[in-house]
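Here we start with a single chain on its own, the form predicted alone, put down as structure tokens.
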């Protein structure tokens, strides 16, 4: 039940019904009417811009329109006890007790589905996709959690989601990785010195992989890199990918599908889709100008296949072939996305690192071309995370080996704190992760404060010996609320709207923000009860107000739904 949508539609219908009064000629003139939460300074439950939208279209004083609209709405919608005109013409509504009672009962009846908007769409969300050249490091954390929580959000909202990991197991980086393992094996087996070469992977974990491969491939002599390459690549990548899966599992992340770039290349997926694009006149053979900033005099013009990326919103056309005629990374990515399109998802979503922001336009253009503009690719970029400990940042580089492993982070900070705090800022801004703050047990630690809210509510249920899932009867006569309960109810009815906006905009950070705000209101009410007997929940061993109990039941439901989305636990005792 989304009250904001419900009353927006009701107000629009009443305006259309009385269109002659408002000189309404086109229903599009009222499409921007919305119902929202009024500012805290107004002691009302809902607010609408309806009068100002109408006044703008017919060039009339909005307060005059507001007076007319107020009279109609009070007469024809029986859900409001009062309507007030504020400022230039805002309409502020106070919901009557009978409607509040029905709303509360409806929310409790919907229970675990409260907030879900019943989407019926399928999504492919590709995230993490770390190069399988070693274990996960903390730099992968934010994108992994963002992708997983966005998946949970869309699933909660009724969507069908496939969580996909693209295995970059093809190209020069993989060859350097396999060569690094081979040389470590030579070092272990034949006491050869590992070369000082910046293109190689020097991390200690490479020695672990080398030892594992040696133990498994005891019959291999390892006397020829070229001869042993394929088996060495297979075993090294399997070991590395299992490390990644293990680290993701510790973080609470599990993918549905792992897609191999090598298999895609062998299946000629790139050749097939380029052929189709060429047939549709989206690919041509020609020359590219030197990239901006490069010395054009040293630029070698080579005839190659080029994708008409600029025809689909990109800044320029893009090369599909390197100078030697082999496919570019972009061409392989087109081939990969063609396999997604073949699976007929309603929507494709890519979660990218900060270093891929310049890549969005070209791959979005390719998806538009391949789908005839029918499928939209949404790319969400996760900005960098600055990990701080003792005031010092961690340096992270997988190749040099000087990086902070994810599994080490999880030994210092629990999964719940990591998942919650990685979502506590919008993905498009940098985030500071302070080890000290996430371990504190106070209001400054949002995940603790939300969990503590749930624990406190459950302590009330235990004290009263009440099953929170049990229904309690309530009539409009019983409906008496104080100012804290009014604020809680106003926040409670925002939940479906928060879920809807977070889903539509692919902004899961809105969930922890909301949960923290809701929890803060509850804790304020709890503290007031300790200060003033008039605000105590329990008197003489019984709940002082049945409405209060129902409000707390709803809060617990929202916290359960919200923390399910975040993949964070909710202990009943703390």
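The model shown is predicted, which means the values in this text are computed figures rather than measured ones. Residue numbers count along the first chain shown, from 1.
Heads up, the form predicted in complex with the RNA isn't pictured, but that's what we're talking about next.
Chemist: Does the 4.5 Å heavy atom contact test between residue 546 and the RNA in the predicted bound form come out positive?
Modeler: No, residue 546 stays farther than 4.5 Å from the RNA in the predicted bound form.
Chemist: Is residue 430 one of the residues lying within 4.5 Å of the RNA in the predicted bound form, judged by heavy atom distances?
Modeler: Result yes; residue 430 sits at the interface with the RNA in the predicted bound form.
Chemist: Although the partner isn't part of this model, could you tell me whether residue 172 comes within 4.5 Å of the RNA in the predicted bound form, counting any heavy atom of the residue?
Modeler: Contact with the RNA, yes.
Chemist: Since only the chain is shown here, I'm wondering whether residue 230 would be in contact with the RNA in the predicted bound form (any heavy atom pair within 4.5 Å).
Modeler: No, residue 230 is distant from the partner.
Chemist: Could you spot which one of 479, 448, 345, 225 gets a heavy atom to within 4.5 Å of the RNA in the predicted bound form?
Modeler: Contact residue from the list: 448.
Chemist: Of the options 469, 280, 459, 113, which one has a non-hydrogen atom that comes within 4.5 Å of the RNA in the predicted bound form?
Modeler: Exactly one listed residue reaches within 4.5 Å, namely 459.
Chemist: Within 4.5 Å of the RNA in the predicted bound form: all of 8, 118 and 177, by heavy atom?
Modeler: Not a single residue of the candidate spot has a heavy atom within 4.5 Å of the RNA in the predicted bound form.
Chemist: If we take heavy atoms and a 4.5 Å cut-off, which stretch out of 500 to 508, 367 to 375, 247 to 255, 104 to 112 is in contact with the RNA in the predicted bound form?
Modeler: Going by heavy atoms within 4.5 Å, the stretch is 500 to 508.
Chemist: For a quick check, can you give me the residues of 313 to 339 that have a heavy atom within 4.5 Å of the RNA in the predicted bound form?
Modeler: Heavy-atom contacts to the RNA in the predicted bound form: 315, 319, 321, 322, 323, 328, 329.
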